[in-house]
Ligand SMILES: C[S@@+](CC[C@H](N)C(=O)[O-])C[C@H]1O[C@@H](n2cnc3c(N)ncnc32)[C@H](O)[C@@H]1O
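Read the single chain below, which is given as structure tokens and is the form predicted on its own.
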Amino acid sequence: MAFDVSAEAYARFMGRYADPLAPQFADLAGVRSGQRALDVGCGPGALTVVLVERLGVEGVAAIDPSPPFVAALRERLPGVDVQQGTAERLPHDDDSFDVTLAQLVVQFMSDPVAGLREMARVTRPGGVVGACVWDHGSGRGPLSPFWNVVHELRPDAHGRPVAPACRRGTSPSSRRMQACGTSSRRS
């Protein structure tokens, strides 16, 4: 899935969530100097910026399917390897990264299991593959206020879709990866 909106419009809406989440996610994943990291589904770069602050431009690569996001991130962070593409077909060699992260993107992958497998493929043994997603099941996602009002006005309204792997304790794969706010070490 690609977003056909400007990077600025997306950042105005999602930035209030993605920007403060990024350093916490990088901390949880154990991102530290000397590593090489890939930001999968980078959007306009909330997590990419944090990775560059910690690892430098030479230590970070990013990928997103949306041309406006790729263009904006290339302009924002010259020198970072930013490519247009999808999680399901990462254009990187096996074992290329120490840390491969996907912030708030798994639910938009056309095939989350394939995307997470690709993330594991490009991560070195002993590295970290991490993903965090909205916990839509708790009513704490970015569209929860909208759906709360809809159901207040029309209690019989259908809606509030919950994407796979967006409920606490769920994962698109029962194998070595978890996708709901935790990271997994690849061995």
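This one's a predicted model, so the numbers in the text were calculated from it and none came from an experiment. Numbering starts at 1 and runs along the sequence shown.
We do not show the form predicted in complex with this ligand, though everything after this point is about it.
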query: Hey, of 122-130, 29-37, 64-72, 49-57, which bit sits against this ligand in the model of the complex at 4.5 Å between non-hydrogen atoms?
result: 64-72
message: If we define contact as a non-hydrogen atom of the residue within 4.5 angstroms of the partner, is residue 110 a contact of this ligand in the model of the complex?
response: yes
message: I'd like to know if residue 104 sits close to this ligand in the model of the complex, meaning any non-hydrogen atom pair within 4.5 angstroms.
response: yes
message: in the model of the complex, does residue 99 come within 4.5 Å of this ligand, counting heavy atoms only?
response: no
- prompt: Does residue 80 reach this ligand in the model of the complex, with heavy atoms at most 4.5 Å apart?
  reply: no
